[in-house]
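A single chain, nothing else alongside it, follows as C-alpha cells in the form predicted on its own.
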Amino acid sequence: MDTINLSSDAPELHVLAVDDSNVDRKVIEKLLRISSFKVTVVESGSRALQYLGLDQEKKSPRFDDLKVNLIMTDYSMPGMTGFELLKKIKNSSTFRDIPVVIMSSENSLIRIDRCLEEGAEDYLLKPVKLSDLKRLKDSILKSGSEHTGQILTRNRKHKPSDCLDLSPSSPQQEQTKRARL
C-alpha cells in the first residue's frame, strides 16, 4: 500500500514507538507508516533510552540527526515501564519538549491522570486506531512543524471529542480535566 503525503511542504515526522509485544509493535508500526510517519520501533524502555542517547552521561552527539518528533510507548512493560520512560524523557533537557504518548489496554483514570500530570501528551487505549494517529499528526502539524526537528505540542488544545469518556471522578479530577481542555 502506497502512502501519500498531504503536502510536499509537510515535514516527515519521526516517531519512536516502544512496546515489548512483538505483535503490538508491528501493528503500531504499520498504522504509523500508513499515516505517513517515519517509524523506529524498539522493544523496551531501556532500548529507547539507548536510541536517544539517554543511557549515557553525556548528551547524544547523534540527536541532531535523529529528529524524533513523537515518542509512543506502551505503559506496561517489563523492566522499565512506559511511565518510567516518560519521566526520564521529561527530566532530560534535550528531549523534554518532545511529546510522549502512552498506550495501554487498561482504562484506569488514576493511571491516565498520573501520566498526563507527568507530562504525557496523550493516553491512547489499545488497540490504537488509525483515527487516533491521524488526530495526533494533525495536532503535531498544527502546533508548530515549522520549528526545528522537535515538535512542541504542550500547548495543544483538546476538543471535547478528543477526551476519553471515563467513569465518574472527583470534583478536583474534573477541574484538572477541564484545565487540559
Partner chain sequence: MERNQMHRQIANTRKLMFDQGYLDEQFIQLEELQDGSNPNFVEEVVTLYYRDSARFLSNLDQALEKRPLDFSKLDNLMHQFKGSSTSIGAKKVKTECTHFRNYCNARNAEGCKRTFQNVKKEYTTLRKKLEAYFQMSRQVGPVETAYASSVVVCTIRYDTIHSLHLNIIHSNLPLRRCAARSH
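Positions refer to the first chain, counted from 1. As the structure is a computational prediction, the values presented were derived from the model and not from experiment.
Keep in mind that the form predicted together with its partner chain is missing from the display, and what follows is about it.
J.: Is residue 31 a contact residue for its partner chain in the model of the complex, using a 4.5 Å heavy atom cut-off?
T.: Yes, residue 31 is a contact residue.
J.: Would you classify residue 129 as touching its partner chain in the model of the complex, given a 4.5 Å non-hydrogen atom cut-off?
T.: Yes, contact at 4.5 Å.
J.: Is there a non-hydrogen atom of residue 26 within 4.5 angstroms of a non-hydrogen atom of its partner chain in the model of the complex?
T.: Contact with its partner chain, yes.
J.: Contact between residue 92 and its partner chain in the model of the complex at 4.5 Å, heavy atoms?
T.: So residue 92 does not count as contacting its partner chain.
J.: What are the residues of 95-115, in order along the chain, with a heavy atom within 4.5 Å of its partner chain in the model of the complex?
T.: Contacting residues: 105, 106.
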